[in-house]
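Here's a solo chain for you in structure tokens, the form predicted on its own.
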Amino acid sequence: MSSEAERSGPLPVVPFLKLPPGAEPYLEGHACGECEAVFLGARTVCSRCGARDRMETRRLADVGTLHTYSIVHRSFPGIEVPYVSAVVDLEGGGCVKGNLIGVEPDPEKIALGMRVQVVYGDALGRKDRDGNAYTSYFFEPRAAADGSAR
């Protein structure tokens, strides 16, 4: 195992997942100071309005709305199927792809527009060739006031 992983624990699976020491994980986006469009990944030019050097880092919300999803039945060896691959529009901006957990992979159990919560945890037990563990993010249905997730 690398000395960095021994010192700081699991590594983030993607650069926009931030794991500050002693604090809760979060997703980081970049917002345009001109048009307020929010993107994942560092950039110097806004893809929406073309403004240059107006991008600022922003902590993204941990709640959002399910925009679309796909139930995956075939994947790489070692990946358990079926699972739900989802795209979520986060409150305040940002559109993120990840796995929807805590719900059966059945279209009757999943509703477009349902509220979801970003949760963080072990990246399904996977490690790299150096033995480093990883932390990932997932989406879970968020119960409404009436107890439903829809």
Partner chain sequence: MSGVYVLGIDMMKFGRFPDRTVPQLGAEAALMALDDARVTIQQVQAVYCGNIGEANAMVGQRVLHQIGQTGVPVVNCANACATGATAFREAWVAIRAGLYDVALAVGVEQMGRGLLGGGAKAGGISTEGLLGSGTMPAVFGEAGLEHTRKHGTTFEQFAKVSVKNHHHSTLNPKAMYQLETPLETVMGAEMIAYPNTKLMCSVNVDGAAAAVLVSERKARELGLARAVRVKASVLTSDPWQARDLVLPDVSTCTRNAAAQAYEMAAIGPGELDLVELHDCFATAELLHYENLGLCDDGQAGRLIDEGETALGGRIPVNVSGGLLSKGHPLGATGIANIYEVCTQLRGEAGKRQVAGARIGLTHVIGLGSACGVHVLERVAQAS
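Numbering follows the first chain given and starts at 1. Since the model is a prediction, treat every value here as computed from it, not as a measurement.
If you look for the form predicted together with its partner chain, you will not find it shown, but the lines that follow are about it.
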Given that its partner chain is not shown alongside this chain, does Phe39 nevertheless sit within 4.5 Å of it in the model of the complex, heavy atom to heavy atom? yes
Test of understanding: in the model of the complex, would Leu19 fall inside 4.5 Å of its partner chain by heavy atoms? no
Quick one: is Leu66 in contact with its partner chain in the model of the complex, heavy atoms, 4.5 Å cut-off? yes
With the cut-off set at 4.5 Å between non-hydrogen atoms, does Lys97 touch its partner chain in the model of the complex? yes
What residues of 100-131, in sequence order, lie within 4.5 Å of its partner chain in the model of the complex by heavy atom? Pro107, Leu112, Gly113, Ala123, Leu124, Arg126, Lys127, Asp128
